[in-house]
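Taking the form predicted on its own, here's one chain by itself in structure tokens.
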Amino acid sequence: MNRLMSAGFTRLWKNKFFWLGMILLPGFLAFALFSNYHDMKQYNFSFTINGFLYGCFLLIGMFTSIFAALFLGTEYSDGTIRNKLVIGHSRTAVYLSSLAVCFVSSLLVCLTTIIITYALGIPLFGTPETPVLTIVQEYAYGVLMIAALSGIFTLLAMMITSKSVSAIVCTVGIFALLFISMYILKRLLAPEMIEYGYNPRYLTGTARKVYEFLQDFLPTGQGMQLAQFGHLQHPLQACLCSLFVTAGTTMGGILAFQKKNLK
């Protein structure tokens, strides 16, 4: 297992898409910071750094999905996975090492984005208004969310041997999750009263609880909560959902990989 991990991270440091993610995601947040600072100065708007603290969790899913597809797809196309099995590594170890590389790569990209956010945001907008312990707690929730995303897209990428097909499936998958999460959030934020009276689309009772559960169950839904509100609305439920998704996709992926024909 240690040799597999070492080989995987050696390949990671040489992976061009990983370094592209390390540039693009922090770059996007930096652009957002400077853009809002410009608006603050020009139009006398009021902004704080708090609105940017968790932005990486909204974007990281796009990196995780594409990285898993390209990185693991290359291992299939180069015959690396088959060679690992030939020299005696177990399929479970191969799968778990692949998951670890996907998780750590996403975590590093997100960590870099957070560092850039603080490095640029504090001089522009001042220190966060949220207590440090609360911020650390929300970041811990974000780590669990990244683990769930890594579990989902490692499963997909390990089940599809074609890199191009894997890239398409994973890309469509993350945009589908984002679209569903956006729709759920929109329904939950719909006001009870509108200009002409009661809003018939306002969610109540069981329907609202189902939507709230789905928002917590989907990693992208958690990411939107962190980016939109600066916190998870049901942290315990969301954390349990992340753990369930991570464990479920990992166990399911290992079982499916055990039976996969790699000829």
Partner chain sequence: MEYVLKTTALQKKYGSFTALSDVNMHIPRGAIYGFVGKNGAGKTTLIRLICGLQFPTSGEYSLFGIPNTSKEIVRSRKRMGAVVETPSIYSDMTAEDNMKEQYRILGLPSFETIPGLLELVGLPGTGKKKVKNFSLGMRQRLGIAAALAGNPDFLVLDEPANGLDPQGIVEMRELILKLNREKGITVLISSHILDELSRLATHYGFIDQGTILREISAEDLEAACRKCLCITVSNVQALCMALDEKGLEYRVLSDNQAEIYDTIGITDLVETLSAKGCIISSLHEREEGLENYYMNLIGGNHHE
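Because the structure is predicted, anything quoted here is derived from the model rather than measured. Residue numbers count along the first chain shown, from 1.
Omitted from view is the form predicted in complex with the partner chain, to which the following refers.
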Query raised in the report: So which stretch, 134-142, 69-77, 170-178, 114-122, is the one near the partner chain in the predicted complex (non-hydrogen atoms, 4.5 Å)?
Result: 69-77
Query raised in the report: Within 4.5 Å of the partner chain in the predicted complex, do 204, 209 and 234 each have at least one heavy atom?
Result: no
Query - Option touching the partner chain, based on a heavy atom within 4.5 Å in the predicted complex, out of 92, 162, 83, 130 - result: 83
Query raised in the report: Looking in the predicted complex, any heavy atom of residue 88 within 4.5 Å of the partner chain?
Result: yes
